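Shown below, as structure tokens, is a lone chain in the form predicted alone; questions about how it binds or moves come after it.
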Amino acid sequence: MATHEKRYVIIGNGVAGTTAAETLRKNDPNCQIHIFTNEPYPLYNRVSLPRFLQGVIGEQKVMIRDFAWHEQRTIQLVTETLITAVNTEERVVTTNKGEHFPYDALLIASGGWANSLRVPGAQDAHHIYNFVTLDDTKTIVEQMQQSRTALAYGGSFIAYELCDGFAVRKLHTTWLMRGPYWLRNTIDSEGGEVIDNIAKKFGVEVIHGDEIAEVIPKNGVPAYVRTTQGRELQADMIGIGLGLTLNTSFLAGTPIALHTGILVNERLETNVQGVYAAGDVAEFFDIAIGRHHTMGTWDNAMAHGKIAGANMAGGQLIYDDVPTYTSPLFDVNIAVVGTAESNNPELQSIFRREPGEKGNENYRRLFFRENKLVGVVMVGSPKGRKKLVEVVKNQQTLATSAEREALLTLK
């Protein structure tokens, strides 16, 4: 039994880690809290980075916390530092600077690393960018002011946000993706066509079913890319949205159970007592679909942080939230609620496509499991989103097709 003030270590100062620290301080006023981040900044709003990329807001509007906030709450924020090892028997973490920090409870909210472009020529060229961090965004913004042509590569949210930023900044923009349409594991071909039409209205050239085979550099920067289908696409800067590799390598040799992410129970605790995981890296149990999965959304990470922080301090809270994600898509909005998985054979879906505002279309796709709504995708008008979130949360049975289809027009 610990006789000292409880010591909490949090790996990652994103919204999951910082929310957990704030919750811990409220629940345990005398504890010690250390948060570790490889970045030089306190918490900033990753959801705001696309608007910063577009020039709609400045850097200051992206920041959520400052160093003074941590000092006022006696939360030790350790920046530009990586955790390289965890010893669960001795309850100690080790940093890349050789320092050791003991803990009574540990939260792993380490997120992931953006996957890089690995094709011939890419390693020899500057101006190829991932878009995950504030520093990524600042570097891209600086380069956009000197560029004329840009290529966004990938079928992810990150890729379209890059594409949006390039187009709004008036660069000649090409959007290249390997799949048959954007977000192929969530929407269908009808939704994909809606997205394409929005992008094309902003002058974007959209290409599906092709991949970058090679980057052809000139003077150390891209001149053009050659694709597997033989296209040659000019681009003096390239933005990459090819997903994340979850940051769990520092757990090698520990008994902490890993699958796709770090496996946790309904209280976000791992199989090792006193070790929790939250945010992108946590493979949590989703009560709506009855299985574990990972989800990289801001709302999900924030909710995880509240639950994990409370439980690290002795609580017994259960995570039963409905994750949501909303984002501007050129001149419309997109929202994803709950579990929206086209590739999940346990789910059935229906959709509606209709004229919307500004010459765009509205698209809504609903996902059901055992006649219960578990997921929603909305492009265009957000009317009815909050009500649909409640339907997912309440898990009411919708026995007839008429009941299910009525949700397509819910306002």
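Residue indices: 1-based, along the sequence shown. None of these values were measured; they are calculated from a predicted model.
Omitted from view is the form predicted together with a small molecule, to which the following refers.
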For this session: Tell me, please, which stretch of 205-213, 139-147, 272-280, 67-75 lies within 4.5 angstroms of the small molecule in the model of the complex when heavy atoms are compared?
Result: 272-280
For this session: Verify the flagged residues 151, 201 and 330 against the small molecule in the model of the complex: is each one within 4.5 Å by a non-hydrogen atom?
Result: no
Problem set entry | residue 363 within 4.5 Å of the small molecule in the model of the complex, heavy atoms | no
Problem set entry | Exercise: residue 11 in contact with the small molecule in the model of the complex, heavy atom 4.5 Å | yes
For this session: Classify residue 296 as contacting or not contacting the small molecule in the model of the complex by the rule of any non-hydrogen atom within 4.5 angstroms, answering yes or no.
Result: yes
For this session: Using a 4.5 Å heavy atom cut-off, state whether residue 46 contacts the small molecule in the model of the complex.
Result: yes
Exercise. Which pick from 301, 268, 235, 312 sits with a heavy atom within 4.5 Å of the small molecule in the model of the complex?
Worked result: 301
For this session: Taking 4.5 Å between heavy atoms as the contact cutoff, choose which of 318, 82, 221, 258 touches the small molecule in the model of the complex.
Result: 82
